[in-house]
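Next comes just one chain, in structure tokens: the form predicted alone.
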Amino acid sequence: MELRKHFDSLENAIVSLFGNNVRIVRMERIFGGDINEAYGLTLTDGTCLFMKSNAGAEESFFTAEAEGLQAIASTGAIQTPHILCSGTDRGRIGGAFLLLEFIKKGERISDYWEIFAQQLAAMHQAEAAGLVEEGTYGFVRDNYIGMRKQNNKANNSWISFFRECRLKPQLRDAAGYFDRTDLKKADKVLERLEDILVEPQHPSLLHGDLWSGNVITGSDGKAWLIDPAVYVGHAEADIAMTELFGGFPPVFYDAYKEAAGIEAGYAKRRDLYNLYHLLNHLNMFGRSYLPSVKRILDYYSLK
């Protein structure tokens, strides 16, 4: 996937994209994210842009996000913000930045959740070949889940990929939170994945971090996806993530099931998929997530 140019300053990016006479006249902080700073930029020609920045992030942090947005857009199934460029600005920004079109938020259309479910199903059903090199599951390169690196090494087995690239790295990094009994339970869960998970009927491009905070309503009144952690995997891992922090309305799940179907036994696998995200939160934010992680390890180690 070919990305837009990476610039060495915000000023150079604006001039290259909009012309020598265009400058930033207003830069307003937008609050809401936990990891990055966000700004609305207004240019002298009246153009509005959305900028994410992070003083502590590597250059690859935002180029990986841009690749994820581009992968979702390439399916033609659901809207994402148009990518303008990425860059680093050690002076004005103090680190890396990503420039996107500014999405003006609108009012949800009456069948918002049904259409969102249908569009997500279409994304999951889109051809995923070419998004993984020399394998079926993974992605063309590693990216990020939150601020943490996400291993997307290609694998021809979904279950093996989930074990090696999702659970094992998180469990390894969380080992300091566990006692000996917890570690034994984690080992049992890893050993029993073939008895719990199923291989999908076809590989799907996943958003990878699909909770309500990463879905916005565009000016068209429909759902737009932002802040992806994409990879190719089992579609039900995305659906599981939607249920982790509050969930979507029942009409969404009904419409998704009608459009794409959900394999029998999904409810028994859901929490195992979400163990990955809870471990990631444990590793990012600390031990408030430990009870939920232990509960899931207890349950699946006994299955």
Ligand code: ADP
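Residue positions are given as counts along the sequence shown, with the first one as 1. As the structure is a prediction and not an experimental result, all values here were calculated from the model.
FYI, the form predicted in complex with the named molecule isn't displayed, but the following is about it.
- Contact with the named molecule in the model of the complex, judged as any non-hydrogen atom within 4.5 angstroms, is confined among 225-233, 163-171, 177-185, 121-129 to 225-233.
- Contact annotation: of the candidates Q150, T88, N155, N214, the single residue with a non-hydrogen atom within 4.5 angstroms of the named molecule in the model of the complex is N214.
- Between the options G46, G246, G32, P250, the residue in contact with the named molecule in the model of the complex by a heavy atom within 4.5 angstroms is G32.
- Within 4.5 Å of the named molecule in the model of the complex, a heavy atom is found for all three of N36, K52 and I103.
- Interface residue remark: P81 is counted as part of the site for the named molecule in the model of the complex, having a heavy atom within 4.5 Å.
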